[in-house]
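Next up: just one chain, as C-alpha cells, the form predicted alone.
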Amino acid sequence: MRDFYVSRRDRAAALIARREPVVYEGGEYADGLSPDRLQQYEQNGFIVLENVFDADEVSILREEVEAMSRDPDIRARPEAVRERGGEALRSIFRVHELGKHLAELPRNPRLLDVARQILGSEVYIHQSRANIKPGFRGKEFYWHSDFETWHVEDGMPAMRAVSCSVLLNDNNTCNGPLMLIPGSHRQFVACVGETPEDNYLKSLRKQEIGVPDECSLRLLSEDAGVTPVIASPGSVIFFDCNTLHSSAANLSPWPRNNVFMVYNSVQNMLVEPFHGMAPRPEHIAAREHVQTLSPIAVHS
C-alpha cells in the first residue's frame, strides 16, 4: 500500500495536505449531530457536546475507573501505564473490555451514532483507555496528532477515525484540560526522528518521537489559536484523528480523569505498520479482535 503520509523518515519536517474528507458520505450515514454541529466539527476538527451524560451516569463510570485504578490485578497488567519515575497510573488501556459499565459506553447511541455519522460507515474500537491525571501529580501530554502515530506505528491507512473523550471530572483552566488547534486536522505534520523498537514502552509515558516541530505548531495555530476545553463532567469531546492536541500537567488539587475511545471505520482496518516494525500490542491497537459495534438500548 502506498504511503501518502510519510513521517519519521530521512527527511525534514513537512506539512502534507490531507487527502481524505473530514466527514464521510455527506454526514448522512447516521443521525448523531445536527447539520450546524456537523459543520462545526468539519471546520474545526473537533466539537464539544455538553451534558451528554447525567450525574448518575458519570458517577458510575468514574467509580469504575477509580476501582480499576486501585485493583492490584489490573495495575499489574500491561494495559496499566505508569508515569515516568513513579508508581502513579497515567493510563489504563482496553477499558472497554476490562470494565463492566465501560464495556457498554462505546455502544451508547449518543456516542456511536456520532462516530458512524462522521465516518460514514460501521465502526469498531481501535483503542480505549482511561486517562488519569491526579491532582498535583498528573503529567502533561505533549502536542501530537494521533493519526501520525497510528499510521506509522499501527498501520492505520487513512484519516477515517474519530476520537471521543468522555469527561469524568470538571475540566478547568487549572487541572490540565485538553487543548486543540482548530483547523489543524487538514494538514498532516511529518515528524523528524527514527522510531526505536518497542517505542510504545516509552512513548505512552512521555511521547518524544512523532511530535510536531515548533515551526509547524506556530504556523497551524496562527489563524485560530489554541482552544482549551473547559467543560463539566458528562460532556464529550469528539475530535478528528489528525487534529493536533495536547494537555498541560495538573498542578491543581483537582483530578482530571476521562475515558478516551477511538472509533475506526470498518473500511479503514489496520495493515502492516508503515515504519516496517512489529505491530504494537493488541490492547493498544486492535487488529485481530475487531468487533463491529451495535447500539445498546438506552432507557430514559
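Residue numbers here begin at 1 and follow the sequence given. Values in this document were obtained by computation on a predicted structure and should not be read as measured data.
Keep in mind that the form predicted together with a further copy of the same chain is not shown, yet the notes after this line are about it.
Name the residue from 169, 221, 121, 91 that puts a heavy atom within 4.5 Å of a further copy of the same chain in the predicted bound form.
None of the others qualify; the residue that does is 221.
Considering 103, 192, 158, 179, which brings a non-hydrogen atom within 4.5 Å of a further copy of the same chain in the predicted bound form?
Checked against the cut-off, the match is 179.
In the predicted bound form, is there a heavy atom of a further copy of the same chain that lies within 4.5 Å of any heavy atom of residue 76, even though the partner is absent here?
Contact check for residue 76: no, nothing within 4.5 Å of a further copy of the same chain in the predicted bound form.
Answer for residue 243 alone: is it within 4.5 Å of a further copy of the same chain in the predicted bound form, judged on heavy atom distances?
Heavy-atom contact with a further copy of the same chain at 4.5 Å: absent for residue 243.
Is there a heavy atom of residue 260 no more than 4.5 Å from a heavy atom of a further copy of the same chain in the predicted bound form?
No, no contact at 4.5 Å.
I'd like to know whether residue 137 contacts a further copy of the same chain in the predicted bound form, with contact meaning heavy atoms within 4.5 angstroms.
Heavy-atom contact with a further copy of the same chain at 4.5 Å: present for residue 137.
Would a further copy of the same chain in the predicted bound form be within 4.5 angstroms of a non-hydrogen atom of every residue among 4, 13 and 17?
No, none of 4, 13 and 17 comes within 4.5 Å of a further copy of the same chain in the predicted bound form.
Have a look at 170 to 178, 150 to 158, 107 to 115, 123 to 131 and name the one stretch with heavy atoms inside 4.5 Å of a further copy of the same chain in the predicted bound form.
The contacting stretch is 170 to 178.
What residues in 234 to 255 sit within 4.5 Å of a further copy of the same chain in the predicted bound form, counting heavy atoms only?
Contacts from 234 to 255: 246, 247, 248, 249, 251, 253, 254.
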